[in-house]
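The chain below stands alone, shown as structure tokens; this is the form predicted alone.
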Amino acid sequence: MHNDVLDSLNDYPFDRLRELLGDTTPPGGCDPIHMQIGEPKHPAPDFIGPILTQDMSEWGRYPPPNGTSDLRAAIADWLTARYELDAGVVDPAQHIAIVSGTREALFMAALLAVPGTRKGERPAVLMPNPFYQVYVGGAALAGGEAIYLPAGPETDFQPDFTVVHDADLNRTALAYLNTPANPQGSIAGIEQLKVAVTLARERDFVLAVDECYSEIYTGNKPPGLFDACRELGLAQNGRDIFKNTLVFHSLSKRSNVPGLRSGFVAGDPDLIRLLLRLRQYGGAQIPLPVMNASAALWRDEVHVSASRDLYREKFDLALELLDGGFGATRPGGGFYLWLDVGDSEAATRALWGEAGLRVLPGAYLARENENGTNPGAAYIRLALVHDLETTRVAITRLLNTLARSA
């Protein structure tokens, strides 16, 4: 009496974490520190408060299906500036879809892109391993077969689409790429992005690039999908510059407002049109006041830069304390530490039970590769979302606890 695919989706990371820790409680007198979830704790920009309440009547109106023209214009301007595009390349009416955060949209990308069959076979969905769990759920419920591409140290923590077997490429309908990546913080280089775009066009599949961490970085600004599309410059051949591609952005991480549930998808206008049709059936639009606040956030870079500086300070501190331990390195982007602790579940239990530090086992963010190994099994993920002093306490507890366990 239900969709039996749901029976295979019983391994959501945070459900498994609760089961792993069971009734374990932190030691007495130890204030728990939760670093298992990527929920930003930096203050939200003050200026959005008055915007959310300036016209209370807007809360009583159904929002337009694809947002306000002002919000789409703000996003188009941001994309143009961020990726150094020529004015007018991004058309707010054709290239942008407003969504309730990127999680919903990334799930719907599979419903959009995966057909019943692909060249007479079950469609394939390419994704990195480790991965964001929504990619797996979307692929499964769309009827696709997930193909996990190793994204460990041997590939600089990014998947290599060029090694996919030709037979699998022939039936590929969708490929997910995450840069900066969750959980490792790795960045896909511009050449890798260009190869992925070119391959998507040659094999005619949808390339979905998840860039929700793109504005959190401690070094150079990471390249993105639209940089690759700009350099490939296919518009001059009569095709849209973003053909076969979709990029996903959110305010949750960039602007520290995960509760707004505000994001967008941009790219191929034919795909955007179909995504909007799909959302008419299964997507709830964000409220009008949230759209107004979102437009203001996309137009402001001051708060983004300030937040980026805070993350930079926390990484500086954490890496100084770790001093290279557990393979700790500065990620290219995002706000996670991806630490090699040998046994992710054992370390997670010890950190919670002995130090009140809650982290996520890397094994829960990955599946076994073809060689039978789980690429996340040795790692734990820590989200550096707290203030500087809490970060200091957390890393100190981690060092003391895992030193005892060694």
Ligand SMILES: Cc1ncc(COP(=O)(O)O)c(C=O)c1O
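Numbering starts at 1 and follows the sequence shown. Predicted model only: the values in this text are computed from it and were never measured.
Note that the form predicted in complex with this ligand isn't included here; everything after this is about it.
Participant: Report the stretch among 286-294, 320-328, 127-135, 220-228 that approaches this ligand in the predicted bound form to within 4.5 Å, counting heavy atoms only.
Facilitator: Stretch 127-135 is the one.
Participant: Answer with one of 101, 92, 189, 152: the residue that has a non-hydrogen atom within 4.5 Å of this ligand in the predicted bound form.
Facilitator: For this set of options, the contacting one is 101.
Participant: Go through 182, 256, 214, 245 and name the one with a heavy atom inside 4.5 Å of this ligand in the predicted bound form.
Facilitator: Contact residue from the list: 182.
Participant: Within 4.5 Å of this ligand in the predicted bound form, do 106, 178 and 250 each have at least one heavy atom?
Facilitator: Heavy-atom distance to this ligand in the predicted bound form: all three under 4.5 Å.
Participant: Does residue 118 make contact with this ligand in the predicted bound form, using a 4.5 Å heavy atom cut-off?
Facilitator: Flag for residue 118 set to no.
Participant: Should residue 261 be classed as touching this ligand in the predicted bound form when contacts are defined as heavy atoms within 4.5 Å?
Facilitator: Yes, residue 261 sits close enough to this ligand in the predicted bound form that at least one of its heavy atoms falls within 4.5 Å.
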